[in-house]
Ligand SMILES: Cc1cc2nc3c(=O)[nH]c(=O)nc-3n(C[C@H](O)[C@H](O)[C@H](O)COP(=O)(O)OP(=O)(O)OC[C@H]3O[C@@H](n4cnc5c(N)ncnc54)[C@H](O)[C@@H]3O)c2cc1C
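Presented below, as structure tokens, is a lone chain in the form predicted alone.
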């Protein structure tokens, strides 16, 4: 019986183990943490955004880096396959706005439990608190691995590296997988935090800290060149901006920030044209004609936003509403439709959901996930130079590449 060793018990590792075990291999997962899927527990704010219930075009369009590499992986084990597998393992799922898929219970632990049941069913051996020291490579073939404990050697007919990236280091992601890859002669591309909040030059964000906005539109630009555009939810923080649309934007903005700051423009009322917004402001002013300007915007904007918009509009806060000119009103509308901030950086890996960069995919066979440099060595998940926007797409990359690596390792012949 073929022996397959999987390094890492996260999403990619568990799926790789399952795929290989289903083919009749004897599979062992080596996980340095005290439990499997430690990072899955905290994804989706503890709810676990398992995948996205979208069509294949959207799936590919949501990948930021090296989408063509994922053709075989995505078609071999798609989002519907993941959903079917988890539901059949006893965890009912639901689809929410934007195609995001969650367990009906809203508990990420139910996803781990379902996968753990499948691993037990297919007799996968799970070795917890078992860090791997290095790979055993002889004459261009991976023959197994060496455990940190007592330098113990483990022979294997195939080794799958699914050790994660550098994001959320408290979950054990410390870059081991990159080290194994480099020791095997692989190139690792530059590593950056991704799906991570932005920092801003303006300190006005501190006044807005904690304010969440829904149904806004953002545009991230360098000069006139638009880098990213999205519609959805965002959050102001004491250091800058966060929330779903900004986290996704960070995957596109990370490389660009190396060249200098970027401009973020927020449309606070994207459903209204400039003319419609002006009419709306006129209506509000008409109702508040005896009030001062600073007290006239409570129907248009959240209370925290009002002092900031008042200041940016250039209209005197105490000015009576019935004295505001058409030109001033136009400028107010522009301030609401084009609220701009200067983006000057990203938060670190400890706040990043994923890592951008990783094992150079040109050195990996996309049809099998096997190394082109070392036979019987496979890579899956975040360790590879693959990433996507928020919405369950990064977990789908992990499930698909893990499944393909496990299947390929099982089918590999001498």
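Note that this is a predicted model, so its numbers are computed, not measured. Residue numbers count along the first chain shown, from 1.
Just so it is clear, the following notes concern the form predicted together with the named molecule, a form of the same protein that is not shown.
The candidate spot formed by 11, 31 and 353 lies fully in contact with the named molecule in the predicted bound form, as each residue has a heavy atom within 4.5 Å of it.
Stretch 126-134 is the contacting one of 339-347, 319-327, 251-259, 126-134, since its residues have non-hydrogen atoms within 4.5 Å of the named molecule in the predicted bound form. Residue in contact with the named molecule in the predicted bound form (any heavy atom within 4.5 Å), chosen from 171, 187, 273, 80: 171.
Scanning 110, 176, 230, 267 against the named molecule in the predicted bound form with a 4.5 Å heavy atom cut-off leaves one residue, 176. Using a 4.5 angstroms threshold between heavy atoms, residue 42 counts as touching the named molecule in the predicted bound form. Using a 4.5 Å cutoff between non-hydrogen atoms, residue 5 does not count as a contact of the named molecule in the predicted bound form. Although the partner is absent from this view, residue 393 contacts the named molecule in the predicted bound form, with a non-hydrogen atom inside 4.5 angstroms. Using a 4.5 angstroms limit between non-hydrogen atoms, residue 49 touches the named molecule in the predicted bound form. Applying a 4.5 Å heavy atom cutoff to the named molecule in the predicted bound form picks out 162, 163, 164 from 149-166, in order along the sequence.
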